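Here you get one chain, nothing else, as structure tokens; it is the form predicted alone.
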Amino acid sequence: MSYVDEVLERVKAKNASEPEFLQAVEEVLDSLRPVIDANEEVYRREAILERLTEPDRQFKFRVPWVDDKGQVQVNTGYRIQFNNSIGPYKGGLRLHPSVNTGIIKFLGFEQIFKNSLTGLPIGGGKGGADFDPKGKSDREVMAFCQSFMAELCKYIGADVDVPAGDIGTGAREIGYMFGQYKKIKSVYEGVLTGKGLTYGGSLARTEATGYGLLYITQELMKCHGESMEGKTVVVSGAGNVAIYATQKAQQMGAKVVTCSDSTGWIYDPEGIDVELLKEVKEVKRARLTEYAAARKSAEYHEGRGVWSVKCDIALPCATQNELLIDDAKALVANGCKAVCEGANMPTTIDATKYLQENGVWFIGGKAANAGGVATSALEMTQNSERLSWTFEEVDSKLQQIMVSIYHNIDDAAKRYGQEGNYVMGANIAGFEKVATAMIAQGVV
């Protein structure tokens, strides 16, 4: 049995109740087979794969808080520090009812390779809680965030572990957490990213994941003799990533015709009105039915359906496992040329393989949505230097990083005879840097 298969068996036996984590590990290790097989003796001796798939440490803790009615509520908080071989742990805090150990482990594992691909000195980690900020008052959100940080602050620091935002964790939540950390620790440091601009945040951080997604998509198209101009794009999601991916795509001359939320989706043949979408989602925090009500050209549909729309480029920007095998078949049948992931692992393994086998250019989330964490690392740099860069400076650095990621994953795929397999290229390019650092630092 190969080293990869041995490790996969052990991981599956040990983490049988964590399907998302197992899916992520299987996808990565399968695509690493060529590089592992070529270096099996040293990787096996150093137990690189065992060490890579086992978190350095993981914390699970109670988060009690009081709601507006005076009732005590209890949530569960998590932080998983996966690998710090190339820098401090770095990864978002997800606040959503679906959060559990398996989901945080999958996200933290993915973060190792994504962070490595940025070329910046940051390791992999992730955290969050099964708290839902939707429908809560500002005071309730503050009460939760302060209680959450009262425990989390024991394990993080500017040179140890630097959390950021994620689903459910925006500028409001980061602000409350930062204030509590500062009060408890009596230190002012860049312990969180995604902060407000008045207290150490970075310009372009809000736009970074969506913009970065389009910078790498544009480079992909360019290297295949195509441009973004005149292309029809379908986007899922209506949160931060989807909004700014839509904005940048339309700045590049493409037309984005869909968006979605947890209850339904919009088809707007005239192109999504980004300012209206921001008003509905960022200001009113309302459902997409309000977008449709305010725009005559828009059609609202209940449930799923974004991937049934004819397009040139598909950008899944919502959540994990949202693009299924039947969706992949619909995209191929409709002539889709490229799929680039704005969310973390939004495409199932069978759907990914179908897209690749049918000639669709596919870039997975580790590479395609790395713009967010890259800009978070740029925020860390600004905090360390006590400087604030202009929007244009940050945006320029982001674009350079995303273009470099494309060429690094393309080169890695070619080196192992897998030209065009950007999933394999991303995993190999991310892995090689981390494995080299792990070996250099000894058995720790």
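Keep in mind that this is a model prediction, so the values were computed, not measured. From 1 onward, residues are counted along the sequence shown.
Below, we turn to the form predicted in complex with a small molecule, even though it does not appear here.
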Inset, instruction - Verify the contact flag for Ser262: yes if a non-hydrogen atom of it lies within 4.5 Å of a non-hydrogen atom of the small molecule in the predicted bound form, no if not. - result: yes
Legend entry - Arg94, heavy atom within 4.5 angstroms of the small molecule in the predicted bound form: yes
Legend entry - Contact label in the predicted bound form: Leu331 to the small molecule, heavy atom within 4.5 Å: no
Legend entry - Ala343: touches the small molecule in the predicted bound form, heavy atom cutoff 4.5 angstroms: yes
Legend entry - Listed residue (Lys310, Lys134, Lys284, His224) with a non-hydrogen atom within 4.5 angstroms of the small molecule in the predicted bound form: Lys134
Legend entry - Position in contact with the small molecule when the complex is considered in the predicted bound form, options Ile80, Ile216, Ala318, Val234, heavy atoms within 4.5 Å: Ala318
Legend entry - Interface segment, criterion being heavy atoms within 4.5 Å of the small molecule in the predicted bound form, picked from 323-331, 166-174, 225-233, 67-75: 166-174
Legend entry - All of Thr209, Gly239 and Asn369 within 4.5 Å of the small molecule in the predicted bound form, heavy atom check: yes
